[in-house]
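A lone chain, given as structure tokens: the form predicted on its own.
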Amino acid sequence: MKKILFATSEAVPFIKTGGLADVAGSLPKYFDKENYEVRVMLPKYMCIKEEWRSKLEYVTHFYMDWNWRSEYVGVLRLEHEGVTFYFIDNEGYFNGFAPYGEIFGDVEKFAFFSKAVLSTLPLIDYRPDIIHCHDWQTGLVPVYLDNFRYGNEFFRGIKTVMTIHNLKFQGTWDTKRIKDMTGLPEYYFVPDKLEAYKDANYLKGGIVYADRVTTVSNTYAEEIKTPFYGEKLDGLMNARSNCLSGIVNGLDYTDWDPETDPRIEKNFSIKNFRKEKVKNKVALQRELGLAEDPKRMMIGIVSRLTDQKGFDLIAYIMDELCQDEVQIVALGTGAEQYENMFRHFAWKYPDKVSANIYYSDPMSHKIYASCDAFLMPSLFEPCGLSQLMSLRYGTLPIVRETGGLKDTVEPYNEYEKTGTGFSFTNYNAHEMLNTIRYAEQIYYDKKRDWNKMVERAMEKDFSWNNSARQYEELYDSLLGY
């Protein structure tokens, strides 16, 4: 039995701010239980809902040398869906209203967490073969592990995997402060280890010391070796390229299933979508006060409204797009300029544009189920989950060819009759508009081809099962099986 420990700053269903939580919370239950035992360790935040906090069982507590003092570390556990979750407790560090706050507080909190993860293991009598670390918040785990190996037999031979969910966030702060606080020796704080551009960089430390580095799609793994996507670490990514690979995130196919989804108006499947899917569209048009027309092409957007997601492109061509025979339904919050841009067009074209400037899980399901196409023109996208959701619901993605979008959406080829969506290459507003208009043309003039594409999209398997098999191969190669 191979023992794997996930170290993470968030995991569904306990605490979630982004896609990292889905990976850390959902992936573990998809491993082959005969051969892999995956457990998860995360902080016990005060902001975890009471329904979960009340179920945690006390395991042990101890005092850890930390920042020139002794600091309390509590350990609690919970079995959820067959997976053991451990929660590291310290009210001084994990009390806020949200898991993350100011970066100077976060770097201290997650250094503490990283050291506590390793210090806990001997006391709960659990020695994993591999510790799988997620993002900068656990970047110091491989560094501490390297430090703990000297003079402590228990930690020798434990392997580490570092997964980068988004290279933009690295956890950097003043080197002297980090050195004092973590208690790590001087020799870790040099440019070929933890230091980057005069600051200490947690993610860099994790990448340097981990046995394997993964990211959340093959294309992103290639992209981060270039200056444009490399966030100043492209040199390091190239240096570690023999240990770097990409595995696309999955989707929880029980939660995202058009045949059983309770949040949508009309369930449908690959067999009957031609008749049933459109009923969702009409219901949504009615709910949002758009012109009710089952034949009108509806384009969905569910996203954080930020530059990274390509909203500067959308803003640039929005007026032109509104002249077309389409409806646009947007859901999400973010930069004020984009929130107001959608509000403006919803006011100007009330029967064509619906601006829903909030986030709601039930509404997102309705949009994935109702729309004909889904627009996602990201500047960069390590993996992206929205395009996987839209494929699952037969809503064809229109994406820019970057990161996970390029790996999961196959562009339509009208001559070979292949593809599961539409894509464009350059980060250019009119190239995007041309691609949207090409999709409109297929939708209105080649309905059979469109429906065949919907069929292919719904047949795709991006469930966690798929990702879990690839992680199993990675673990096996690391452990020499």
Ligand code: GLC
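So that the term is clear: the rigid core is the largest set of C-alpha atoms that superpose within 1.5 Å between two forms. We number the residues from 1 along the sequence you see. Remember, it's a predicted structure, so these values are computed and weren't measured experimentally.
The following text describes the form predicted in complex with ligand GLC, which does not appear among the structures shown.
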Is there a heavy atom of Pro382 lying 4.5 Å or less from a heavy atom of ligand GLC in the predicted bound form? yes
If we define contact as a non-hydrogen atom of the residue within 4.5 angstroms of the partner, is Gln337 a contact of ligand GLC in the predicted bound form? no
Indicate whether Ser269 is a 4.5 Å heavy atom neighbour of ligand GLC in the predicted bound form. no
Does Lys295 reach ligand GLC in the predicted bound form, with heavy atoms at most 4.5 Å apart? no
Please determine, with the chain shown alone, which of 187 to 195, 113 to 121, 158 to 166, 258 to 266 has non-hydrogen atoms within 4.5 Å of ligand GLC in the predicted bound form. 158 to 166
For a quick test of understanding: in the predicted bound form, does each of Val23, Asn249 and Arg304 have a heavy atom within 4.5 Å of ligand GLC? yes
May I ask you to choose, among Asn152, Ser241, Gln308, Thr226, the residue with a heavy atom within 4.5 Å of ligand GLC in the predicted bound form? Gln308
Counting non-hydrogen atoms within 4.5 angstroms of ligand GLC in the predicted bound form, say which of Val75, Ala210, Ile398, Val216 makes the cut. Val216
Taking the rigid core as the reference frame, is the Cα of Ser245 displaced by 2 Å or more between the shown form and the other one? no
Any chance the CA of Ser303 moves 2 angstroms or more between the shown form and the other one, core superposed? yes
